[in-house]
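Only one chain comes next, encoded as C-alpha cells, the form predicted on its own.
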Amino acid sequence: MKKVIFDTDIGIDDAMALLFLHYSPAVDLRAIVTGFGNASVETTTRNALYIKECFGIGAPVYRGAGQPIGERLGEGYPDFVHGSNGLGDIEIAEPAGRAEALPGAQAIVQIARENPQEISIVAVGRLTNLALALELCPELPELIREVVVMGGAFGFNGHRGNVSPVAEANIAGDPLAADRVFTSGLRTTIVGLDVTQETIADSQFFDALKDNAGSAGDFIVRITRLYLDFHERVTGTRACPVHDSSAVAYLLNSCSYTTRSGIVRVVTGGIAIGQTILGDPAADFETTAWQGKPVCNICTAVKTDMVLDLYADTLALAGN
C-alpha cells in the first residue's frame, strides 16, 4: 500500500483524482495539501474540506500556497472551465471542518520526515508547495519515495501547450517552482498532455460512473457537466481528457505508460514561459543549463483502455 500526499488545486478533474485515490485499496492517503490554480487557495481548501466530509476521507487538509514564487502566465482563475466555485458551480454546503494549522509546505516536510522513503506525492496543480518544501528541507529528495506530476507537454503524440502554444496550465502557473522541482533530484515522473490528451472520457464513461459508483459517481457526473460543456465548445465532442486522474493511474499501474528519462527544464520568462523542455543527459550542449542536472521520467505513450478501466473499476468500489 502506498502512503500518499495529494497536492492539489482542487477543481473538477482534481476532485475526480481525489476520489480515485480515496477508493483505491492500494492507497493510504496521508494528507491533502491545497494551493491556488483552478481557483483561489481559499476556494480549493474549501473544496477539499467539502469532499473530505462528503465522502468520509480521513486524511487531514493543509492549506498551501496562495501565489506563485515567480512570474506566471496569465491572471485570475479559469472559472470558464471549472466554474466560479471550482466544482462546476454545483451547490456546495459550507464544510464544518477547517484546515490544519500547519501550512502545506511544512506539512509535506513533516510527513516526509516521519515516514522517510515511504511517501509518494501526487501533484496535480502548481508545484509551488513542493518548491517551498524544498526550501525548508533541501534533503527532501532523500526522504520522498516518488513524485508523480500532472503537468507539462513535450510534443509526443503531437500534443503541446493548452495555455500557450508550448505551455501547460499547471506548469505555466508557477514556472520557477516547476523548474526547481524538476532539477531538485526528487524521483519525479511527469504525466503531461502527451498522454492525458490521449486518454479521453466520453459521455458513456460518465454515465457508467453514475450507474456503478454510487454517490461518488453521481457527484462526478454533476461536477463534470460544466467541464464537458467547455470541452464540447472547443472540440465539438462531449468528451474530455483525463488529466489529473492520469497521475493517479501512473502511481497505481505504471505499466499503463511508456516512459523515457531526461533532464527537464522550464522556461521562466518571455513568450515561451511555462514551456517544459526535455534534454538528453548525454548530449554536449553549448549551454550549461542542462549540465549536471538530475533526470526525470516522462510519459510518452499510454494504454488508454487500461487507465479508463482502472478508474471505473476503482470508483465502482464506492457503489458497493
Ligand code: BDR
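As the structure is a computational prediction, the values presented were derived from the model and not from experiment. We number the residues from 1 along the sequence you see.
Although not depicted, the form predicted together with the named molecule is the subject of the following passage.
Engineer: Quick check for you: of 169-177, 95-103, 218-226, 136-144, which stretch puts a non-hydrogen atom within 4.5 Å of the named molecule in the predicted bound form?
Structural biologist: Careful reading of the contacts points to 169-177.
Engineer: Pick from 124, 121, 181, 190: which has a non-hydrogen atom within 4.5 Å of the named molecule in the predicted bound form?
Structural biologist: Among 124, 121, 181, 190, a heavy atom within 4.5 Å of the named molecule in the predicted bound form occurs only for 124.
Engineer: Classify residue 150 as contacting or not contacting the named molecule in the predicted bound form by the rule of any non-hydrogen atom within 4.5 angstroms, answering yes or no.
Structural biologist: Residue 150: contacts the named molecule in the predicted bound form.
Engineer: Does the 4.5 Å heavy atom contact test between residue 162 and the named molecule in the predicted bound form come out positive?
Structural biologist: Result yes; residue 162 sits at the interface with the named molecule in the predicted bound form.
Engineer: For residue 38, is any heavy atom within 4.5 Å of the named molecule in the predicted bound form, or not?
Structural biologist: Yes, residue 38 sits close enough to the named molecule in the predicted bound form that at least one of its heavy atoms falls within 4.5 Å.
Engineer: Can you name the residues of 76-94 that have a non-hydrogen atom within 4.5 angstroms of the named molecule in the predicted bound form?
Structural biologist: Stretch hits: a single one, 82.
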